[in-house]
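Taking the form predicted on its own, here's one chain by itself in structure tokens.
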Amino acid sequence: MIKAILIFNNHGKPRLSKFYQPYGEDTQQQIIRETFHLVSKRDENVCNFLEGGLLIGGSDNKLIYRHYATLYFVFCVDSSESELGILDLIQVFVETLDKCFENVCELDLIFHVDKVHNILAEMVMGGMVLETNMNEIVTQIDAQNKLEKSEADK
């Protein structure tokens, strides 16, 4: 099960955080800081999986991440999830963002946070993976955008 999805920049500033387990606000901030510290100090040429921090559950959990340009995409998962499956899910998420925003950048995540959450909700719900087909995700997002536009025109 996915426990949290975090996106932060190279300076540790969170750009998206989605927790699928109940944590208080202070604990969430500590988890983000701890996760950034664990992930950012690693070399570029090492494995993209590591043991979860103490706050997210310790050795029973894993941090699976990818570093793209200025952003870290981190999935905090329990031991039942496949590392390679989650790496593929991160790739699909980034490619979907790229398709929806036409060459996504950090500013897109800041100014269109609702759209990013909608894309994520098409892929993951309640910590479980729903959809991994990028074309299906984009089709659903486009349908949602058309509905929003038709509602706004009324």
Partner chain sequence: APVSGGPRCSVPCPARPGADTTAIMPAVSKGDGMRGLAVFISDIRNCKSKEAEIKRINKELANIRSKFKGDKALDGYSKKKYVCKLLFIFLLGHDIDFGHMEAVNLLSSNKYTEKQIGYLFISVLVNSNSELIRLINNAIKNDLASRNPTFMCLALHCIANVGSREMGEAFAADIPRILVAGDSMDSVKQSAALCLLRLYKASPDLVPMGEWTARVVHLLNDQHMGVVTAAVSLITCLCKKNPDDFKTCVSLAVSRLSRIVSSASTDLQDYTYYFVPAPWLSVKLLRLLQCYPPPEDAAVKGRLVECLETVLNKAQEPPKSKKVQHSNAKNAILFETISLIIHYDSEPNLLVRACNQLGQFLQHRETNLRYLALESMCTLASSEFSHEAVKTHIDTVINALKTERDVSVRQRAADLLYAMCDRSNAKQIVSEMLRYLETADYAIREEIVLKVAILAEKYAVDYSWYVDTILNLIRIAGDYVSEEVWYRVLQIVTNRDDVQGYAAKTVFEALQAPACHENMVKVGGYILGEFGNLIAGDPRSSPPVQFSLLHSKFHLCSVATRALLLSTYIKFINLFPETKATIQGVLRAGSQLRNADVELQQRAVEYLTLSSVASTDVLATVLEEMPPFPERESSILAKLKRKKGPGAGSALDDGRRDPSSNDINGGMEPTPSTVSTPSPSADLLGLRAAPPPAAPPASAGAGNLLVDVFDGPAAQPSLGPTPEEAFLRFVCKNNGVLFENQLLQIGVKSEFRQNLGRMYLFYGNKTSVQFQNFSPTVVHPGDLQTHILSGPAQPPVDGGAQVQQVLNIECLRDFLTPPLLSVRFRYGGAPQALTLKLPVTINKFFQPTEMAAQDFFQRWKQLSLPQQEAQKIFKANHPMDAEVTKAKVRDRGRVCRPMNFVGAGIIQTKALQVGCLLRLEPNAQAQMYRLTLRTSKEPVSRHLCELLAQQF
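Positions refer to the first chain, counted from 1. Because the structure is a prediction, the values reported are computed rather than measured.
Only in words, not in the display: the form predicted in complex with the partner chain, which the text now covers.
**Student:** Spell out, yes or no, whether the shortest heavy atom distance between Gln91 and the partner chain in the model of the complex is within 4.5 Å.
**Tutor:** Although the partner chain is absent here, Gln91 would touch it in the model of the complex, with heavy atoms inside 4.5 Å.
**Student:** Check Ser40 for me: does it contact the partner chain in the model of the complex (non-hydrogen atoms, 4.5 angstroms)?
**Tutor:** No, Ser40 stays farther than 4.5 Å from the partner chain in the model of the complex.
**Student:** Residue-level question: is Ile31 within 4.5 Å of the partner chain in the model of the complex, judged on heavy atoms?
**Tutor:** Outside the cut-off, so no.
**Student:** Is it the case that Leu16, even though its partner is missing from this view, gets within 4.5 Å of the partner chain in the model of the complex, heavy atoms only?
**Tutor:** Yes, Leu16 is a contact residue.
**Student:** Which of the residues spanning 82-119 lie within 4.5 Å of the partner chain in the model of the complex, based on heavy atoms?
**Tutor:** Stretch hits, in order: Ser82, Glu83, Leu84, Gly85, Ile86, Leu87, Asp88, Leu89, Gln91, Val92, Val94, Glu95, Asp98, Phe101, Asn103, Val104, Cys105, Glu106, Leu107, Asp108, Ile110, Phe111, His112, Val113, Asp114, Lys115, His117, Asn118.
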